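Quick heads-up: it's one chain on its own, the form predicted alone, in structure tokens.
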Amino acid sequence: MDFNESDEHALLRKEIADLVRQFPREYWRKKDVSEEFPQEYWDALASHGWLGLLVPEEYGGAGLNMYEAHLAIYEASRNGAGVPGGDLLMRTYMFGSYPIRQFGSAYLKEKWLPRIAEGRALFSIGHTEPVAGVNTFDIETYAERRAGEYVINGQKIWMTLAHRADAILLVARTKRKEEVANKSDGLTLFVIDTRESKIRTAKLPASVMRPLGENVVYFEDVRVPEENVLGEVDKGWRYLTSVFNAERLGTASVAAGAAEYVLDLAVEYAKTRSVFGRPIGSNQAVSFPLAEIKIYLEAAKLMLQKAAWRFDRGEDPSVEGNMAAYIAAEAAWRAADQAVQTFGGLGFSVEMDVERYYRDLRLFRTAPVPKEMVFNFISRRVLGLPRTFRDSRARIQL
């Protein structure tokens, strides 16, 4: 890996940073308070071609790769768009253009990729369920094949933007759990056009990413044409793991970029706020925690680079992606917490914005992958330690 940044990557960083800075902190503060979708920001991304970054050129996009996608997401979050602004790019790339260009049929590519590039396709993902949580193998949403279409019934939760989405990348069972010998079999991915297949959403009040919105989604005899299947029927786990790897890379880029931004806010305040006749940043109790966070952030960025590099080489990026997700989440939470502490009482003021980062950045220690699951993955896959749990269907012997 060459750590000397190319001119093309430097230009990419500058161009998206310049665009995002047109939407200052006040813009995102108002969107957070009003819980209003950032339409102006979305339109600007579309008009400047950023939504089509991963879309192949023949479909109207830039035809770039994961390394460039992670740079764009990071710079958007780093330059003031924060978690909701970075997440909008992340879900467009990782739940829209990437899986469709990688696994989609000609029909899905022709239908969705031009729309993504033009900003006419807002994506959500339907994975988490109220009972199963993030345990994919326990999901119960079921798609039954009937005469050239699928009829889907089930419920999903924590579906960001589902109430506005044009398309949903849905994970459903096409075989019941009791019908398969291997628990990863019988899963299928669908790209659902919400204008053609009606779903019912209910807003889920939440303290995070308020401009985007969280939802409970009900699938009640939702009819989906069979050409909406992404990849092979019953083999969805294979594609989903790739999407999850992309998501790890994307959300870690959001976390690291937003953490860098809020760290800068804290550092600037520590330089200018004077108490007892000197800047508070001259006190080690203030300066040392900020220095430690900077170390975490630089480590997170290096792991992100390696994960993206492996992704684009066609290698398995899951270890690096999970490590990046963990360390970026830790850096983000520490940065937000220390920013509040540095600002003191003003840290709880809406006008200072750090309380918003405090709410949003805490998310990444829990979702999309909690740190405990990262530790479980690393302990088994890297360290070779035995499993700490059994199949949920196994009988416990007393």
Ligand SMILES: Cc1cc2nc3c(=O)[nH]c(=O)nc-3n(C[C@H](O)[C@H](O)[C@H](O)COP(=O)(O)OP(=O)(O)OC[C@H]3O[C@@H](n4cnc5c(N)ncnc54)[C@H](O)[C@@H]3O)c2cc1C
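Residue numbers run from 1 along the displayed sequence. This structure is a prediction, so every number in the text was calculated from the model and none was measured.
Although not depicted, the form predicted in complex with this ligand is the subject of the following passage.
A.B. asks: Within 4.5 Å of this ligand in the model of the complex, heavy atoms considered, which of L108, A121, V233, V134?
C.D. replies: Only one listed residue qualifies here, and that residue is V134.
A.B. asks: Tell me, out of S318, T128, S287, S197, which residue has a non-hydrogen atom within 4.5 angstroms of this ligand in the model of the complex.
C.D. replies: Looking at S318, T128, S287, S197 one by one, just T128 meets the 4.5 Å heavy-atom criterion.
A.B. asks: Any idea which of 71-79, 112-120, 158-166, 141-149 reaches within 4.5 Å of this ligand in the model of the complex, heavy atoms considered?
C.D. replies: Selected stretch: 158-166.
A.B. asks: Do T366 and this ligand share at least one heavy atom pair within 4.5 Å in the model of the complex?
C.D. replies: T366 belongs to the contact set for this ligand.
A.B. asks: Could you confirm whether M373 comes within 4.5 Å of this ligand in the model of the complex, counting heavy atoms only?
C.D. replies: M373 belongs to the contact set for this ligand.
A.B. asks: Does any heavy atom of R91 come within 4.5 Å of a heavy atom of this ligand in the model of the complex?
C.D. replies: Yes, R91 lies within 4.5 Å of this ligand in the model of the complex.
A.B. asks: Is there any non-hydrogen atom of E214 lying within 4.5 Å of this ligand in the model of the complex?
C.D. replies: Answer yes; at least one heavy atom of E214 falls within 4.5 Å of this ligand in the model of the complex.
A.B. asks: What residues, if any, in 206-223 have a non-hydrogen atom within 4.5 angstroms of this ligand in the model of the complex?
C.D. replies: The stretch touches the partner through V208, M209, E214.
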